[in-house]
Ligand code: 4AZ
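Next up: a single chain in structure tokens, the form predicted alone.
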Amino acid sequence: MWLKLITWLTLLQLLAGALSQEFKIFGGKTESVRNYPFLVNLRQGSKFACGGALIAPSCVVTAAHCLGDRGENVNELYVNAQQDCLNGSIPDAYVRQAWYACVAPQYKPSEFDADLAVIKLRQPFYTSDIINTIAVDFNEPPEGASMRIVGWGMTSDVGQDLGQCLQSADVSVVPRDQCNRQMSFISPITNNMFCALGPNKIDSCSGDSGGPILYKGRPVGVVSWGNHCGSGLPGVYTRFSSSAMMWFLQNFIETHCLDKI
């Protein structure tokens, strides 16, 4: 569920404004979005860009790189809720336009560090059993913890399915020192990142970027980057429990996301 490298030059294209690249889960299974009422997908116009999670009726957390070079100018971005497949029909009530966004101040595109952003919607979603919010979990998942990734990204490094249906898979936390040994040839694993991988090379992939990684049903990070899909190398996620990411998210939520419907 992320910008996984093909060979992470894809990320550089996104940062140059090519928001059309997609990424998905390798080794996952098809899921109903009804199981994840907080899950949304981001679109530039009608074109799929990234995943995200509704953390308040008017706020979506995603990866900073999903905004490309747009920064706060995100008026062309739309958020779709409760859409099983990317080419499926969706009621207008399940679509919202982005108003503005804030990227983590520590974000370093060249190093993929602090890859986190929150989008404020022009109009909040009306929450129900179908569309609802999810509380962010700022606790540190234990080493080896089983977590779930969900997204509409590619299921391999070859080809894209513009009608991709939602996928999920279970992965486990990879020790930081091990991940750094394996991934530092691309970028160091900083305190704002953690790594995960599933059995049989289960991994997030292009298009999964910005989508949540869940521990005990709550998001502890978002899909950020990796090296190909199903390569056997860990995927890298933005870590909500780092002090910098926690401060950024808590402050944005308190300042911008506690409005009433």
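In case it trips you up, residue 1 is the first one in the sequence shown, and so on. The shown structure was predicted, so the numbers you read here are calculated from the model rather than taken from an experiment.
Not pictured, yet referred to below: the form predicted together with 4-(aminomethyl)benzoic acid (4AZ).
**Student:** Run the site superposition, bring 4-(aminomethyl)benzoic acid (4AZ) over from its position in the predicted complex, and let me know if the shown form is open or blocked under the 3-atom, 2.4 Å backbone or C-beta criterion.
**Tutor:** Answer blocked: 3 or more ligand atoms come within 2.4 Å of backbone or C-beta.
**Student:** Contact with 4-(aminomethyl)benzoic acid (4AZ) in the predicted complex for residue 43, defined as at least one heavy atom pair within 4.5 Å: yes or no?
**Tutor:** Residue 43 lies outside the contact set for 4-(aminomethyl)benzoic acid (4AZ).
**Student:** Give a yes/no on whether residue 206 approaches 4-(aminomethyl)benzoic acid (4AZ) to within 4.5 Å in the predicted complex, heavy atoms considered.
**Tutor:** Yes - in the predicted complex, heavy atoms of residue 206 and 4-(aminomethyl)benzoic acid (4AZ) come within 4.5 Å of each other.
**Student:** Indicate whether 4-(aminomethyl)benzoic acid (4AZ) has at least one heavy atom within 4.5 Å of a heavy atom of residue 60 in the predicted complex.
**Tutor:** Although 4-(aminomethyl)benzoic acid (4AZ) is absent here, residue 60 would stay clear of it in the predicted complex, with no heavy atoms inside 4.5 Å.
**Student:** Residue-level question: is residue 226 within 4.5 Å of 4-(aminomethyl)benzoic acid (4AZ) in the predicted complex, judged on heavy atoms?
**Tutor:** Yes, residue 226 sits close enough to 4-(aminomethyl)benzoic acid (4AZ) in the predicted complex that at least one of its heavy atoms falls within 4.5 Å.
**Student:** Counting only non-hydrogen atoms, which stretch in 211-219, 34-42, 52-60, 228-236 is within 4.5 Å of 4-(aminomethyl)benzoic acid (4AZ) in the predicted complex?
**Tutor:** The contacting stretch is 228-236.
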